[in-house]
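Taking the form predicted alone, here's one chain by itself in structure tokens.
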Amino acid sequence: MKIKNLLTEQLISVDLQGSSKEEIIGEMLNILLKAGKVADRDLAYADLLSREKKMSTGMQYGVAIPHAKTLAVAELTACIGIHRKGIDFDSLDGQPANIFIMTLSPVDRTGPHVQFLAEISMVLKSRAARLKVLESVSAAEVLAVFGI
């Protein structure tokens, strides 16, 4: 699944306001809900939190990738959010997360989810790309970092 096929300006927030992991997940889920990508917010939220309880999706270098398989979506969907101050997301390196990539995928499909995460990871492994994302003041600027 190509990044450019999933992400639009409507699916990006450069100004997340939540102050906890749960609030950030809820705020990002609202982005997907507003875009008509999620059929059942409560189910998707429960599935995301259940996934977080198994193992945090806070990665390294200020990146977190909250994700879940859920019956609340018919196809893979994703959104990106930036939190200027950073949030404790139980990241692997113990550092706050600023860049959030949320994905939800149907319970019966694996391939597109894995491909999307691989593409995102290829971009965000670059320190320069992460800095460009953090410096972005518009959704269009974020998309440009990902070549969209």
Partner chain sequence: MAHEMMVLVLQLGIIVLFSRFFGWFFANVLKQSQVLGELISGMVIGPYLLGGIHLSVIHGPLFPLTGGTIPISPELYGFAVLGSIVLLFVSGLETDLPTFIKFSGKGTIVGLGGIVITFLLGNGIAVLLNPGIPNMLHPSALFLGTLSTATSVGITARILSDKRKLSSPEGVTILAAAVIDDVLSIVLLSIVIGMSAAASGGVGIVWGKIGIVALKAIGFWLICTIVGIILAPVFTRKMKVFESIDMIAGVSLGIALILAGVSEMFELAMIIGAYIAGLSFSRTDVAHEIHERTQGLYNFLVPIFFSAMGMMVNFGAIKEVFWFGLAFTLLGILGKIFGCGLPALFAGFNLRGAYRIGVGMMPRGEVTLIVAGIGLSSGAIGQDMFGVAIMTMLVASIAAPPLIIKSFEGGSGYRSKALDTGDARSHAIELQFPNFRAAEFMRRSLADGFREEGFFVHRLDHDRLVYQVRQNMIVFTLLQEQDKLILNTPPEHESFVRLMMMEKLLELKDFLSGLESMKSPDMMGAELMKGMFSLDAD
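Positions refer to the first chain, counted from 1. Since this is a predicted model, take the numbers as computed values, not measurements. Rigid core: the largest C-alpha set superposing within 1.5 Å between the two forms.
What comes next is about the form predicted in complex with the partner chain, which does not appear here.
Using a 4.5 angstroms limit between non-hydrogen atoms, L117 touches the partner chain in the model of the complex.
Proximity of K54 to the partner chain in the model of the complex: non-hydrogen atoms within 4.5 Å are present. Proximity of R109 to the partner chain in the model of the complex: non-hydrogen atoms within 4.5 Å are present. Although the partner is absent here, A39 lies well away from the partner chain in the model of the complex, with no heavy atom inside 4.5 Å. A heavy atom within 4.5 Å of the partner chain in the model of the complex is found for one listed residue only; from L43, L49, I65, L33, this is I65. Remark: of stretches 93-101, 109-117, 79-87, 25-33, the one touching the partner chain in the model of the complex is 109-117 (heavy atom within 4.5 Å). The partner is not shown here, but in the model of the complex the stretch 68-104 reaches within 4.5 angstroms of the partner chain through a heavy atom at K69 alone. Core-superposed comparison between this form and the one not shown: the CA of S50 stays below a 2 Å shift. Relative to the superposed core, G36 shifts its CA atom by less than 2 Å between this form and the one not shown. For G94, a C-alpha deviation below 2 angstroms is recorded between this form and the one not shown after rigid-core alignment.
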